[in-house]
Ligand code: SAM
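Below you'll find only one chain, the form predicted alone, shown as structure tokens.
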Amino acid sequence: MRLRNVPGSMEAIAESPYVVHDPEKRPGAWRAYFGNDNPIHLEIGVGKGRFIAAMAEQHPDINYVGIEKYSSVLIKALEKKEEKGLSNLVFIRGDAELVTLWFGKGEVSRIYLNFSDPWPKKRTARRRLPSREFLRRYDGILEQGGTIEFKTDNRDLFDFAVEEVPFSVFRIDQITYDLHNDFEMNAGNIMTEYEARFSAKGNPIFKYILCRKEDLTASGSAQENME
């Protein structure tokens, strides 16, 4: 996907107080940064910010951090934050490969991956956000009981993502190949810009939710003890 440069976007982002310009200094200190003990949810690849801004507006008791490497789209997400006056939302401009340098162990409660770049060539598979390499990074920052939610309309990418899960510490907790016709998984769903566009064309939306294998085992053991 070719993104057009937005004149002045890099300068505006560099000057914005809503962009964390020193994320490498924040591991273990994000709650102090927000000034509360609320959970931290992370969206990797926020695009124009429709999803994360809506989530932050609906859930003021959760702190949201959005990562986006393209200034030309991040500037739109910043505008949405300013329009809504969201104090529980900030952004990082950078590459998600550095995520373990920006967040401490167990500091994030949930990670959202929405309509990620498919990196279709086989030699670039390691750069796909639901790859085993990235799942290893997410394991380093997710708290016990934390989850990963991935949505896409790209069947090849989704099949790849599903096939990568067994090579990680995670397992699929929920999955659907037609999100908008899945009553349970679509409850409370907020559409991204891409999701609205693709679903309007009749494209099915795929989604999974991951949790750690050990978290499910512990949950099952606790349930057995209660019984």
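Note that residue numbering begins at 1 and tracks the sequence as displayed. The structure displayed is predicted, hence computed values, not measured ones.
A second form of this protein, the form predicted in complex with the named molecule, is not displayed here; the remarks below concern that form.
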Just one of 167 to 175, 27 to 35, 53 to 61, 190 to 198 has residues with a heavy atom within 4.5 Å of the named molecule in the model of the complex, so point it out. 190 to 198
The one option of A96, I141, L135, V90 with any heavy atom within 4.5 Å of the named molecule in the model of the complex is A96
Taking heavy atoms and a 4.5 Å cut-off, does P39 contact the named molecule in the model of the complex? no
Can you work out whether V108 and the named molecule are in contact in the model of the complex, taking contact to mean some heavy atom pair no more than 4.5 Å apart? no
Look up in the model of the complex whether L78 has a non-hydrogen atom within 4.5 angstroms of the named molecule, and give yes or no. no
Partner contact for E82 in the model of the complex: the named molecule, 4.5 angstroms, heavy atom: no
Along 52 to 77, which positions have a non-hydrogen atom within 4.5 Å of the named molecule in the model of the complex? I67, E68, K69, Y70, V73
